[in-house]
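Heads up, the chain below is alone and in the form predicted on its own; it's given as structure tokens.
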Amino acid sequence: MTTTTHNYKALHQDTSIQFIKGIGPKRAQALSRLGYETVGDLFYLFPRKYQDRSRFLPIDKIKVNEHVTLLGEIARIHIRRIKRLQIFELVIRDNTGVVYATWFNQVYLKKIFREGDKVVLSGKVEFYKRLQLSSPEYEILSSEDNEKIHTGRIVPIYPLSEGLWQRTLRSAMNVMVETHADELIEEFLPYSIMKKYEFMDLKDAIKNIHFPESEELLSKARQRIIYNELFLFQFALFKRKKEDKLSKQAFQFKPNPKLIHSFEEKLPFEFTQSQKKVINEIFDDLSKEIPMRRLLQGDVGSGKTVVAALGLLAVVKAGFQAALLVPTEILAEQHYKNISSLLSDWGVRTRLLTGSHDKAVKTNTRYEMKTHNVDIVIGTHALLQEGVKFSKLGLVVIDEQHKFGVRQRAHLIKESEKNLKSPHLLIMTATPIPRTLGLTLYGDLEISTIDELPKGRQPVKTYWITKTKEQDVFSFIVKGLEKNQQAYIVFPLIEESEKQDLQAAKKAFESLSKGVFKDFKVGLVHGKLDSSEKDKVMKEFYQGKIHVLVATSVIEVGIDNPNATLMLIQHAERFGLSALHQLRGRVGRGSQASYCFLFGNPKTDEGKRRLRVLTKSNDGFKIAEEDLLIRGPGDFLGTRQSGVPQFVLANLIQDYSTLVEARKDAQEVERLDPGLEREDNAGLKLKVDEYLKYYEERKV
């Protein structure tokens, strides 16, 4: 027997939402633009906010510009015209007074309302010759059905897209939740967790998150669903991490401890205790059959690159190849020069592979990679192109990983896994990851942290300066230049106003060259220069031939120049907090006192807060925490590119304590029942598998 319609009994989690009463094909299409396609999805289309329309205000107490909810009787129904407009009008009265309710061009309402009906209205009070509510939400109270959906209660306000209306969607959601939640929503949390936190049952939580019966029940529903999101994510991470260990084998290296000693002997400095700790962690990982999946985080100038270079050397000395993936050509060239220099005494064959190389160079490098005639390849996205294969890849190092999409980051590893064992993975970042993101974004990685600067480094003194002090700052910079120090003058380069920004930088370069810095050599570097021009300018700056470098972004001035001690950042309010901290890290690379001057006139409290934070702290981790508080996790690393989970209700900052508890609980459940084989964990197993499938399809 075939049917052309679905009744509620035929619905299941995977049923298309078009079969829900009140949705239909057109509204289903509109909802799919918001990411909701099945009945199971739609249960989790949570309201973006709520309005308390449960408290009725007497008509004689209402005031203009207030949002009110009132209960009254329809005294009169009237339709009037103003030019081409038809105005449908109700006169509402209670025992204290009269107010008008008006709707424009909605004459069909005359079929809905009748004189004498009891109605609840919610809307903003306006005054146009009289008090009135324009296009208010309404609910007609009848003796047969006194249930209120749109007013007279705490009312949900849903996110909308084109083709959706709040009242229609709210009605459909009410039908779905009231009719289908009991049969389709299944509890999955272990009883021990439910009891521990006295959680509301999931069915009741879903009902109360959509149509709360009270503020207290809404709060309990939110707590339950926030915990769900954080617990499922953490458990999925543990499971994926464990499966990765069980399913993949890595090449085992037995790094010679003497290698560390001989490598350090050739350095002009000693490793810090923090670097030594991290090196031991990396070497320990490399000696295991389980693939290393480690994040190395450390502030700008903390010495991550030299640690990575030692790891690369250990792999090469064991007879394998390594890859270093970086986001920009300038950074790739810098790493190539530094690492080639560091490893020159060991005869390591290092190559550079970038998009700007000509076809012959790329072809030759790819051939050397396939035939193991090269040991280390340092490259940009060119390393991720089809046809790029290694003979025996043992280690992948990724620098500034948040510049890459998650799929891109996995490409090199997956290519190598096709025929060989899995290479080890070391991810480096100079953007310190706040602890809240560390437990989520990198929950399936081990984290190593370099939290001390090399000996002799001094904190950069930072000042927020107004334009009135500009000449004083220039005079201070000139005195530093006269002592053979060097300076950066940084301009923002924002995509929306790129031409204007670039003109400002060029204009400043010309005026500074002829003005305050006329006795010094001034250089200009920006993204529109070709690679050879950029390289020439940056090389001259590094060699001290250029005294002042005018630049437009941190990547383009990403050279390690210990003699650069002065930085002036123009329009500092246009940079994010982390970007400002990264920029500042380009000075203070040597033992001399260094200074950073922020020229900015922020108009918002948030902008002022950013600049104040930077003047008070040089600690990248504290700054990262503050940046996360200001911007939120999505903007901190760029949600789409970073793999930060898209939680519906959970907030990584506000709900951090819940995150910690959920992590502990997930670890305990995984410890007691690793495969979720127990009967009482059957629901959880289904939910975790469903979650992992969803996450894999969208993230990795």
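All residue numbers are counted from 1 along the displayed sequence. The structure presented is a predicted model; accordingly, all values stated were derived computationally and were not measured.
Beyond what is shown, the protein has a form predicted in complex with ligand ADP; the following relates to that form.
Legend entry - in the predicted bound form, segment of 382-390, 533-541, 572-580, 300-308 with a heavy atom within 4.5 Å of ligand ADP: Among the listed stretches, the partner-contacting one is 300-308.
Legend entry - Of Q132, S122, N618, Q275, the one that lies within 4.5 Å of ligand ADP in the predicted bound form (heavy atoms): If I apply the 4.5 Å criterion carefully, the residue I get is Q275.
Inset, instruction - Could you work out which of K461, K421, K506, R457 is the residue within 4.5 angstroms of ligand ADP in the predicted bound form, going by heavy atoms? - result: Result of the distance check: R457.
Inset, instruction - Would you check, heavy atoms only and a 4.5 Å threshold, whether E270 touches ligand ADP in the predicted bound form? - result: Contact with ligand ADP, yes.
Inset, instruction - Using the partner position in the predicted bound form, report whether D451 sits within 4.5 Å of ligand ADP, counting heavy atoms only. - result: Residue-level check for D451: no, no contact with ligand ADP.
Inset, instruction - Report whether the minimum heavy atom distance between H210 and ligand ADP in the predicted bound form is within 4.5 Å. - result: Contact with ligand ADP, no.
Inset, instruction - Give a yes/no on whether E446 approaches ligand ADP to within 4.5 Å in the predicted bound form, heavy atoms considered. - result: Taking the distances in the predicted bound form, the answer for E446 is no, it never comes within 4.5 Å of ligand ADP.
Inset, instruction - Would you give me the residues of 563-583 that have any heavy atom within 4.5 Å of ligand ADP in the predicted bound form, in order from first to last? - result: If the 4.5 Å heavy-atom criterion is applied to ligand ADP in the predicted bound form, 563-583 yields nothing.
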